[in-house]
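Single chain ahead, by itself, as structure tokens, in the form predicted on its own.
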């Protein structure tokens, strides 16, 4: 039974379903669910992510993970668990960046030791291996949760929480109502009704949010469970969350987001018609980072810091990588420059947010959130970072504007490049 058939079956059997239940089936149903049907990221998919834009993303995260390893007393093993690892591309780029750094800065052998201590676990609903297959000290667990315990290291997620199913609510005649999915003949439509759980009103009240008349918003009730699972997996270490979202005050602003933040993408085009193309388009909603921080504190995680992805990557040395002279064939080098620029681009990936939490790790200043000279020494030892066939080609025909926008900057910075 396909995802859409399952949705229709449940509505016929039980009546309207919450949008969260609809979204869960559409994205994760074993047969024809969006994320279970195959690779969705890249030129042949529906969107691209920071790891697919350029290997510099993984390399800079490796620098941050190196500092975390040091802060924890250089444990062996230092485990990185990545829920929602997908194709394994981020894993491969992090491991590739960490291990070639061996023995290149003082004290002698320290980075080599980090590489030996690094263990990486890809967690994903997807069966079988991805791009991480064959890497030493890397494993994959097919799971929808976070089943690890006693970790010393980091729980790292990138664009995971925004794909969690969300409830949709609205304000009608001064009353909070929930949006349900139902059938009108053979057509899937929405209708409002009494909230399916009092937790929806409690969440908004806990944030001091009162929706305006007619306003629509999303509520992710899974964040509490996610924070608890991340805390339970760690004995000591960090939780690093990278995702598209905002503090609650901004997220639920009637002036800025009256219709909420739910988006749908199909073939790199924003459709915003979630009841269509079921199982063939992505759906996501921005993350409520205020609730994520509160849920973390209740689960035993210390809030450490919060920033935009642009600031985080710039503090870790993205400008230093961008200043390197072009390497490789001109087109590949140019594509690489565009990919790095995309990682911090305003209005795009640069507006993603990064939150760090810790457990039994003190309250350190992490390099990604505070300017420091220390990442530069690590980056100096890295070989050239060029996109591979696994990364999206932003100069391809699907992205013609990227090439045109980049020409002026390329010619100004490297006029002699051929």
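Numbering follows the first chain given and starts at 1. It should be emphasised that the depicted structure is a prediction, and the values quoted were computed from it without experimental measurement.
The next section is about a form of this same protein that is not shown, the form predicted in complex with a small molecule.
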Of 164, 221, 254, 264, the only residue with a heavy atom within 4.5 Å of the small molecule in the predicted complex is 164
Only one of 143, 206, 271, 320 gets a heavy atom within 4.5 Å of the small molecule in the predicted complex. Which one? 143
Heavy atoms within 4.5 Å of the small molecule in the predicted complex: which stretch among 206-214, 77-85, 186-194, 171-179? 77-85
Heavy atom of each of 61, 69 and 120 within 4.5 Å of the small molecule in the predicted complex: no
May I ask you to check whether residue 229 falls inside a 4.5 Å heavy atom distance of the small molecule in the predicted complex? no
Residue 124, heavy atom within 4.5 angstroms of the small molecule in the predicted complex: yes
I'd like to know whether residue 47 contacts the small molecule in the predicted complex, with contact meaning heavy atoms within 4.5 angstroms. yes
Although the partner isn't part of this model, could you tell me whether residue 158 comes within 4.5 Å of the small molecule in the predicted complex, counting any heavy atom of the residue? yes
